[in-house]
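Read the single chain below, which is given as structure tokens and is the form predicted alone.
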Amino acid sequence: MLAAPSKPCHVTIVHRHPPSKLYSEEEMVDNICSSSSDEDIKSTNHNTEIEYKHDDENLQSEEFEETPLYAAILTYLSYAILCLFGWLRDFLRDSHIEKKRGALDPNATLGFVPLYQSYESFYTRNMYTRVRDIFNRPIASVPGAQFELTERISDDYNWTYRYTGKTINAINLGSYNYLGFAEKSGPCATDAINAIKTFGVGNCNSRIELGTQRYHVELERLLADFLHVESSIAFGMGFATNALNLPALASKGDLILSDEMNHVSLILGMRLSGATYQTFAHNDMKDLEKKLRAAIVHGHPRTNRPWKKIIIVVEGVYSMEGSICRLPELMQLKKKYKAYLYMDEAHSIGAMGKQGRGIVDYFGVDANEVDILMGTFTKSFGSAGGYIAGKKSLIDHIRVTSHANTYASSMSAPLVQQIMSSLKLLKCPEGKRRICQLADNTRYFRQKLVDMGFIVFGNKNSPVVPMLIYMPARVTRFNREMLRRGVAVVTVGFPATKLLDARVRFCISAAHTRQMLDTALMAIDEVGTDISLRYSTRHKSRRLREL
């Protein structure tokens, strides 16, 4: 059974005398919508006439410029040089010639078994550890449009850190706060605080035992209504929503066709399921159809028997590429070959579509035609957890077979209330304004980068904006120089990406003002000029002031 303004772009009002219970649906609508009336929104100097416009030919407008030959050669050469020096330094250390042992595990000198073993950790010891300061930076505030980073210093080549007690204020271009709901004040935050006063922070049990509260039932009802599907089920962890629910939907004798760029949580779920899985080229519908046809014609490669079922697994917005799945074509293929479609909307729910209902809303597809809708609450909703939505028979099956539901502790009240308040807010004028603001910010920021001559991947409407850097030294330099200019970014390189695809990944938010984006663009313009990041051969290289 398969079953543009310089002022803040959001308006919030903190209730001075909050009630000590979870809001009912009617109370929540009144309280949240009253905090974002039409007059309040107009008073923010924000142009609410921005419309979420796109015609059919532009819905899938994406760009993936090829790597320039010189950039590819220099990147390979960079890694070759790093490897040569790494091997040389390993030889000198083993020969006791080199006294500077900063790239060695300090625990080994304390009598512990070395944490990193020989060649297995070659990349970590000689490359990653040397630049570890640009990764995993701890923050000291709400991850809003601007936030505080904890200042840290290393005295042993990034093996350990000591904290100075100071913080660094920066514009946040790294968090998945798409709709700006990651706030410490406002109706959503107030409702979450009130939920703690009534229900506490934990349920100390799983959903199938004594861990189901009335707010869990209410959340799933609101979510199903928002998505326009029959039923839904919520989980406490987004990663586990994929990893532990795919095994409940697929098993031995089934075939899963997965996009090659799918998230690791989907890959883990496929492996745990016991089903056979194959990958198809990213967003390549011809390759997918070829594999579908072969699967139906030839069946299982060893027995030649028909597959029990075939499931196509894709993402709505791909978190590393900034691209969008080709849903209309996927729907045609799934119907033609009688396959099922599993779509991960982690980065698209709330952030895409006129109503914020994700890729199905973006393309105007009936949500009930997608067999399994998955999404998370950690991005657009500013909370934690994930969900599966679809037919009631599907959800009933998951409730009794999913390990994420039967063994995991149920979601806490403040997390659920944050999601419920966000869902209600999306139906109000303020919610619509945030959706429009995110779309406007995304297109503005992307177009400026393209016009300056940077190589930018993905769909022009995707809030995930990858900009290619290629060379490892420039990845490190870009990250550090941007922070010096008050902009915090996330840079990603090998092995998280292919060797030639090192990049910086910007995440745009509705909470970003035009002034913040312009400040960030000026910093990118300066750093990009200093370290020569304008690789594009399709677009003329220009400075920001020339645009």
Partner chain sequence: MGSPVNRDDIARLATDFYSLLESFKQTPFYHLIFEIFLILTVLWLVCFRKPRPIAKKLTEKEKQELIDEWQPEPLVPPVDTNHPALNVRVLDGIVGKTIEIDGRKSLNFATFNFLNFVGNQRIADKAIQAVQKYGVGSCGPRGFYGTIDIHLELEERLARFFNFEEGIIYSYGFSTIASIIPAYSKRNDILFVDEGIHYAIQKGVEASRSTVKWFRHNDINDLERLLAEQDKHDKKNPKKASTIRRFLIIEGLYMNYGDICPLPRMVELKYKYKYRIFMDESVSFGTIGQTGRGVTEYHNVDRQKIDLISSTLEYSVGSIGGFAVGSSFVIDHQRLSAQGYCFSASLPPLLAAAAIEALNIMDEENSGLFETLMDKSKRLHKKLLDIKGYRVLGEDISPLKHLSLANSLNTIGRLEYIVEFAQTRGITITIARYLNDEHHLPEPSIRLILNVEMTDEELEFLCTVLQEALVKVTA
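Numbering follows the first chain given and starts at 1. Here the structure is a predicted model, which is why all the values come from computation and not from measurement.
As for the form predicted in complex with its partner chain, it is not shown, yet the points below apply to it.
Contact annotation: residue 91 falls outside 4.5 Å of its partner chain in the model of the complex, judged by heavy atom distances. Using a 4.5 angstroms threshold between heavy atoms, residue 261 stays clear of its partner chain in the model of the complex. Proximity of residue 135 to its partner chain in the model of the complex falls within the 4.5 Å heavy atom cutoff. Using a 4.5 angstroms threshold between heavy atoms, residue 143 counts as touching its partner chain in the model of the complex. Among 489, 502, 59, 516, the residue placing a heavy atom within 4.5 Å of its partner chain in the model of the complex is 489. For the candidate set 160, 205, 95, 164, a heavy atom within 4.5 Å of its partner chain in the model of the complex is found for exactly one residue, namely 205. Between 78 to 86, 451 to 459, 355 to 363, 186 to 194, the stretch whose residues reach within 4.5 angstroms of its partner chain in the model of the complex through a non-hydrogen atom is 186 to 194. Contact check for 200, 271 and 340: all three have a heavy atom within 4.5 Å of its partner chain in the model of the complex.
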